[in-house]
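Just one chain follows, in the form predicted on its own, and it is written as structure tokens.
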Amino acid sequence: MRLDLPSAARNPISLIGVAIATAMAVVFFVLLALEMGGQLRNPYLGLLLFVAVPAGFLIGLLLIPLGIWRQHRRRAAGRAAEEWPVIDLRLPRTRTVMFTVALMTCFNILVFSLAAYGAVHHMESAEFCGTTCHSTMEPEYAAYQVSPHARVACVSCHVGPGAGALVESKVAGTRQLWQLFTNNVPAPVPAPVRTMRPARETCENCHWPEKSHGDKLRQIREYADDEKSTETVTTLQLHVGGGRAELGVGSGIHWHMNIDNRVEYIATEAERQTIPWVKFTDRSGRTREYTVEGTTPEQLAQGERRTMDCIDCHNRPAHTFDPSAERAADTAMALGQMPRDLPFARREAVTALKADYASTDAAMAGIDARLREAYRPQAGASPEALARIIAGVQGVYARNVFPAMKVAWSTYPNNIGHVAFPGCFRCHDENHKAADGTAIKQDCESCHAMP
């Protein structure tokens, strides 16, 4: 059986369109099958599958009517139909030309493929995310490089698999690119609270939410502002816990993540720091709702309703900043990044960190000058210790404060704990009460004990 095209469609432009559309359709279905089969894991390959290939397919379809329209115009003008070139493979020159064209085509395909692979590989790298728009993403990139997730690609959490996640991230990226071009980037950049992928698509690829962690010991080291920077160590026994269906309802902090418990809440502002309503559903399906007194139905209707998952507490797992200059100095001293053998080392470090600087460069120079001035009168002050404290304070500042983007201490809430930010107390405040008067408790021993 022979398939004949309409005479008007037998022209170079329409036939090229047919070839492009057919090739793109084949490529699309092959890539789609690979993606659905789990063979394509790179989120940015979705750009090829759902953007580039359909665009090529559309161009091919548009060329078909364009060629037909052009052919009709030629006929209406009384012009002869376009002559197709005659390819005679018996001629040596024809064979040479075709061989050269085929060879160059293969070479071009290889170059294009390597370039496309390199572009995709670079676009999924942390360096691309963190340094392409250097000033804009500098705070997040600096925090990421020293986080426990420093070897996890940004796209693993911020893009996620599937066409929907890719399109959503690209729409957000286009908006951010426009803000950059128009010099209208918000400072500080808002945390992507509502656009983060669900924990089941990100965290749970590595972390098993049903695992029971039991109790863990944590030591918190703090230093006084006295001459010796006296150390105080607080030891907490954290009831991390966990649980799964076979073991009952679970216990400890990770009780919230027990798959048999469902905790829902409504937040009435963008950063999810104000939560006036909580609903708990147990494994048997029984529910209980807790509401803060004075909350109106209108407030709840306008809020964001969400089912609790990992990132409601671990909201900054890869971009953690110290909540205060004091806490930052304590951590640096505990890790040995700052010496304690200089008089009033902790006090002078905090004073230098909390000073107002116009830029990062000004901060580096200012910290150096302040600390040298502070210890200049000190007879016998060790030059080595002075150099170490200057470097330590400068390093702490560079990881936490970014004047160009208006990022400073406590700019971004961290919901782990309840010291610097509300954290646990967003719900566990004794003010969330059910209809029978039962409240969500603020019992310290539920989460930790001091042995």
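Every value quoted in this text rests on a predicted model; they were computed, and no experiment measured them. Sequential numbering from 1, following the sequence displayed.
The following text describes the form predicted together with a small molecule, which does not appear among the structures shown.
Residue contact with the small molecule in the predicted complex: residue 415 places a heavy atom within 4.5 Å of it. The small molecule in the predicted complex comes within 4.5 Å of a heavy atom belonging to residue 148. In the predicted complex, no heavy atom of residue 27 sits within 4.5 Å of the small molecule. Among heavy atoms of residue 322, none comes within 4.5 Å of the small molecule in the predicted complex. In terms of contact with the small molecule in the predicted complex, the residue from 77, 89, 233, 206 that brings a heavy atom within 4.5 Å is 206. Shown without its partner, this chain lists 334, 267, 364, 313 as candidates; in the predicted complex, only 313 has a non-hydrogen atom within 4.5 angstroms of the small molecule. Contact with the small molecule in the predicted complex holds for all three of 218, 263 and 443, each having a heavy atom within 4.5 Å. The chain is drawn here without the small molecule; in the predicted complex, the stretch among 274-282, 292-300, 67-75, 351-359 whose residues come within 4.5 Å of it by any heavy atom is 274-282.
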